[in-house]
Structure formats: C-alpha cells, structure tokens
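So this first bit is one chain, no partners, the form predicted alone, shown in structure tokens.
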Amino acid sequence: MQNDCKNCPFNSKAASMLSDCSFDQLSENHLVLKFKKGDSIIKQGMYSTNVVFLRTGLAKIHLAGPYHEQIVKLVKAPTYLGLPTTFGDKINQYSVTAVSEVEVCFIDVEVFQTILNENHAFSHEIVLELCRNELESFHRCANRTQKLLRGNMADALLEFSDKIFMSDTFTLPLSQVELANLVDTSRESVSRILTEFDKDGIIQLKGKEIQITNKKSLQLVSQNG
C-alpha cells in the first residue's frame, strides 16, 4: 500500500498545504485498507478513533431514523469522512458504506489534531470543506421537501452526471430501492419516473445504464420541481 503521503496521488486540496514534516507524521501514522461494495466503513453508534479519508471509489452516507435507514448522500473520493463526528462527541452519528470498491485511509486522530494545530492553511481548507458540505446539506434538504418527485429524480440524475461521474453516460450506482430511499419515495415510483424520462426522450435507459440525451430538459425538470 501507499506509505508516502506526500506523493500520494489521491491527496485532497487541503493536503497540498502541508509541510514535509506533517507529511512525515501522516506517513507514519496511517493505515490504508480496501473495502468491497457493501462493506461498512463507518458504523453509526460506534466510537470514533480515527480520521477517515476516502482515497478512491464511491460511498453512501446513511443513518438510522425513527422507522428506517435513510441515505443522506453519495460521496466521491477523494474526501474526508466523518470529521464532524471525529471532533465532536466521538460517537459516529451516521454510517458510511462502500457503493463500489474503495480504498480508505485511516489516520490516527491525535496526529491529525496535531497537524491541524500546526498548519493553519491546512486547517482553513478543512473548515472550508465542512462549510461547503453543510450548505450542500441545507440545499438538499430544502429541495427534497419542496420539490415534486420528478424534480428530485432530475436532481439525483444531474448530481450523478455532473458531480459523481462527470459524464452524461453512467451506470446507476444505487439499486432502485436505494435510489427511492435517496429521493424519499417508493421503488415503484422510481421505476415509473425513469420510464417516463425515457419515453420523453430525456434519457435512454437500459437496465442500470443511463444516458442523458436531453440535458436541458432534465435541468428544466429540476428547476421547476
């Protein structure tokens, strides 16, 4: 596994601010593990002892609600996972599960705290990422509760296209049951809306393969809710 953190090809933007000494500390105090699709990376309710960095792949963040598990969002590498929990009450407040094969870096939390204290530019970038994630969560919450199903489905497809895969052709990373959970509806409704989008010429649907063929129309569906 990669041990030289300075030359790691998966470093975050924040890591570019680190000194050689800090990179040496990271190199000596981390562990890289591989996870298969469906493997648990972080478990809700468990004690948090490491900072978790997603090096490669996709994962879903989900948490147990009053009645069922709720998928909050998908996350794409490279990114940190669970920082609010790690530096909050130390108990994981949500779970993270691999959606594809992933590589994850576990960093000793005390070493990471020292690096934060000694590298202000690095700390600044970490704070910026947390702020972006919080604002994104606010917008996602408002959209889910105020948009109709077609608008929420359009949002999900646009996010897959523009932020996750960076392509208008992709394989759905979630099952229809999981996708229904993500947009707060039933599996049957997800199937129906995808079929409608296909018939309207907005997408081409073949199993889990999707090609967005009329992105302007999809964006209009998203905007109009």
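Nothing here was measured: the structure is a model prediction, and the numbers come from that model. For every residue, the number given is its place in the sequence shown, counted from 1.
Beyond what is shown, the protein has a form predicted together with a further copy of the same chain; the following relates to that form.
The partner is not drawn, yet in the model of the complex one stretch among 158-166, 61-69, 32-40, 171-179 has residues with heavy atoms inside 4.5 Å of a further copy of the same chain: 61-69. Using a 4.5 angstroms threshold between heavy atoms, Phe106 stays clear of a further copy of the same chain in the model of the complex. Contact check for Lys76: no non-hydrogen atom falls within 4.5 Å of a further copy of the same chain in the model of the complex. The closest heavy atom approach of Gln223 to a further copy of the same chain in the model of the complex falls within 4.5 Å.
Not displayed here, a further copy of the same chain is kept clear of Asn50 by more than 4.5 Å at the level of heavy atoms in the model of the complex. Counting a residue when any of its non-hydrogen atoms is within 4.5 Å of a further copy of the same chain in the model of the complex, the one hit in 173-189 is Asp184.
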